[in-house]
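Below, in structure tokens: the form predicted alone, a single chain.
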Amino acid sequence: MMSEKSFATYLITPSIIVLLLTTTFPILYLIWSSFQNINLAMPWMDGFVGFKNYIEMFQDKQFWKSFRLTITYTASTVILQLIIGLGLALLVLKIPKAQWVFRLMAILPIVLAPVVVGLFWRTLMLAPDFGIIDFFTKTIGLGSFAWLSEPRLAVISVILIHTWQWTPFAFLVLLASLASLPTDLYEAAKIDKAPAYKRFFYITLPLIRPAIIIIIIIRSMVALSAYAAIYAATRGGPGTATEILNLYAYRTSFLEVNFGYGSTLAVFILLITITVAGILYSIRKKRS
């Protein structure tokens, strides 16, 4: 008769095989490709090149520009999502009877595909002259802006797009955390006549810190791997103004057909993502 351990092994084996085929093998192939010169435009030069691609990457000005933009994009969107999400959660917490309405509204941007979000903002929200945001700025006397054609405004726009879609996630997590906090601590603080800001900084923030760290970890990972919404909205433009590392790796691999160097960029993105995740998880472990 089959033992429980053997039965469990049979159940988990198909999942492990699928995981190896869909994740482990592609990652190993990606690492192998990063040490090769695979360029369909110059196939006669293909072959093993060692660390040449990595040396070229660190000497590439466009790489450093995309890297700085990726860090700026990630930090800005995560901070904005956390601040706005916490503010909305604190506000909605004061409206217990209608919380389900806000929860329902918050789910809508999350379930939209990033490509749909990018096209929505490109065609309806940020379109010159007849876009909703442009209409608002003209109404208050600020005039019309080329949101996706001027480099600095384009960067602000893609940050706004990502923040709009994923702030509801932070809002829902923080609202659930705030709703589960013990009320006796606040009652004791009120008896001691502690002002609202002290109750927030000395009671609320320490108690929801685990939720905040989890939000930072998850949103940082998603922002570092962002691609579809930016591509749909700006395609990395104007020029390379919004070309984060993922878009640069895509352009290098599939438009310039330089798969070796594109794989090197992808490996670097993978290493950055793992490093950031490791740092954030270690911070969470120390503070838990």
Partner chain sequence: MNTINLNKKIFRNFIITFLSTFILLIWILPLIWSIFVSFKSEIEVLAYPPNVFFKPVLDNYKAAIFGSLSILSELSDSFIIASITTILTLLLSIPAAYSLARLNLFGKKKIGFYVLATQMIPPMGLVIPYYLILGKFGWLDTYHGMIIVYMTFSLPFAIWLMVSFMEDIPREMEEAAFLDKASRIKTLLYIIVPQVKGGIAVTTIFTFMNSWNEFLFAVQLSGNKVRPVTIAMYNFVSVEQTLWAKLCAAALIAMIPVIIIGLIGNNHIVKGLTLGAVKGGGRK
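In this text, the rigid core denotes the largest set of C-alpha atoms whose superposition between the two forms falls within 1.5 Å. Residue numbers count along the first chain shown, from 1. Quick caveat, the model's predicted, so the values are computed rather than measured.
Missing here is the form predicted in complex with its partner chain; even so, the following discussion is about that form.
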Non-hydrogen atom within 4.5 angstroms of its partner chain in the predicted bound form for each of 95, 111 and 168
yes
Evaluate residue 149 for contact with its partner chain in the predicted bound form, applying a 4.5 angstroms cut-off between non-hydrogen atoms, and reply yes or no.
no
4.5 Å heavy atom contact, residue 254 and its partner chain in the predicted bound form:
yes
Is there a heavy atom of residue 26 no more than 4.5 Å from a heavy atom of its partner chain in the predicted bound form?
yes
Quick check on residue 275: any heavy atom within 4.5 Å of its partner chain in the predicted bound form?
no
Please pick, from 116, 75, 178, 153, the one residue with any non-hydrogen atom lying within 4.5 angstroms of its partner chain in the predicted bound form.
116
Heavy atom within 4.5 Å of its partner chain in the predicted bound form: which residues of 222-246 meet that condition, in order?
222, 225, 227, 228, 231, 232, 235, 246
Look at residue 24 and decide if its Cα position differs by 2 Å or more between this form and the one not shown after superposing on the rigid core.
no
Following rigid core alignment, is the displacement of the residue 9 C-alpha between this form and the one not shown equal to or greater than 2 angstroms?
yes
